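What follows is one chain in structure tokens, specifically the form predicted on its own.
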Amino acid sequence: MTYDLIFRNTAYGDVAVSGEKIAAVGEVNENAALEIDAAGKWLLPGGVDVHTHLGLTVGENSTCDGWEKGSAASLAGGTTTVIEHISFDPAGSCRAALRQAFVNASGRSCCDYGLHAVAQRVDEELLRTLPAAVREGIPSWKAYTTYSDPIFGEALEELFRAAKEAGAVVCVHCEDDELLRAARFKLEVQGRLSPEYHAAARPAYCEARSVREVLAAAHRAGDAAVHVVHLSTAAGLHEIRHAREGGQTNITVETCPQYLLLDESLYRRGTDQALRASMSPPLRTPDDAFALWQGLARGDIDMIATDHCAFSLSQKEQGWNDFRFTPNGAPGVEERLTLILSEGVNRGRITLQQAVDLLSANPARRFGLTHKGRIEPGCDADLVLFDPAALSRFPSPPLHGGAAYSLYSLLPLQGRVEKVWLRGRAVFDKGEVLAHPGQGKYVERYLRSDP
């Protein structure tokens, strides 16, 4: 037998690819059309980022990279599959929001992708649409406890019950809306509205209280599947540990590189830096970052996503004198894998196997990507060749995304993505994205078991 591609001298032994699939792992004695010696490099499964906003529209602002540039940046960073948190529908229709999300992504993505549906309100339409969407391969829904359409209390519990019956997982943005409004009102009264006060408007205790209430609602709904997105605080992590220690199951949680590697001091380094770092939730303290790294090492945090939400510098400058007008979000999909391998694995904070689980295997498992995230026969040949010894920095402006800045451009890195394959095809090679819009395909997902 002749394979299309064989990697030699990897931690897995030999890895053979035939067509779009991994065909054999271990000792492969046959030949291939192309053989790559991976000695001294790390062969990794393609990254799976389950929290992106490549095509988000919020009010009058839309993310500046869109599916074309955002998915190209994803491949350049070693992420071969994303799951997109979609935009709200202006009229509040979850069905219309899904339809528009499919239109926006179709034929535009360079990487493989899925969609999280969005719950703007718990009404008759949502309760009809949710089980139908699960049957059609969309088993994850996003709810927010703040912003213009917060879901909490009895409505949130009703959403969890419907999701449990349908076999879906509910992803929740956890910030307590009442506490946020009080914190922002206090700043408004004091006239403290410059971007340096962005973090003060979204205090850490808002996240912890919301996490506690969200987990309690899922528990009352029969331990419905709940996924806490972009965890940023030690206090929020404490609530998750407390729920698990009390016997609650079916909880997963993600954090993001910005909460591990950056901190709130960026808001005091001038208006330009404060605007670039304006995101929700905001950057926290070094102590919070330390606690999150510990949570990763202990297995309390299940995965690392990005919440990639890239707005241009001109869009950010809408809040130059008032943070309330700043579109919140930052780029990160191109940086994620390199950051975690450089600052996590190479610095001894987590092991390489933990990194693979956090970046690929765990998110794929939780969200029903049955052929992604692992280097095993039968899995999609989504592969990354990473040089752990290369010294590098992220260029500013970045090469592939649309934001024209990176929050990590000054950070010296140890490690670099060299080559990436998507379903057996080379899509990135030493700085150049080889894929084209439309090469990525939509991936249906089905949840098969608890995490």
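Bear in mind that the values here come from a model prediction, so they are computed numbers and not experimental data. The numbering used is simple: start at 1 and walk along the sequence shown.
From this point on, the text means the form predicted in complex with N-(aminocarbonyl)-beta-alanine (URP), which you will not see here.
- For Ala163, no non-hydrogen atom is located within 4.5 Å of N-(aminocarbonyl)-beta-alanine (URP) in the model of the complex, even though that partner is not displayed.
- Taking the partner from elsewhere, Asp307 is found to have a heavy atom lying within 4.5 Å of N-(aminocarbonyl)-beta-alanine (URP) in the model of the complex.
- Put simply, Tyr144 is close to N-(aminocarbonyl)-beta-alanine (URP) in the model of the complex: some heavy atom of it is within 4.5 Å.
- Contact annotation for Ser280: at least one heavy atom lies within 4.5 Å of N-(aminocarbonyl)-beta-alanine (URP) in the model of the complex.
- The stretch in contact with N-(aminocarbonyl)-beta-alanine (URP) in the model of the complex, judged by heavy atoms within 4.5 Å, is 322-330, chosen from 151-159, 211-219, 322-330, 107-115.
- When N-(aminocarbonyl)-beta-alanine (URP) is considered in the model of the complex, only one residue from Arg276, His371, Arg336, His173 comes within 4.5 Å through any heavy atom, namely His173.
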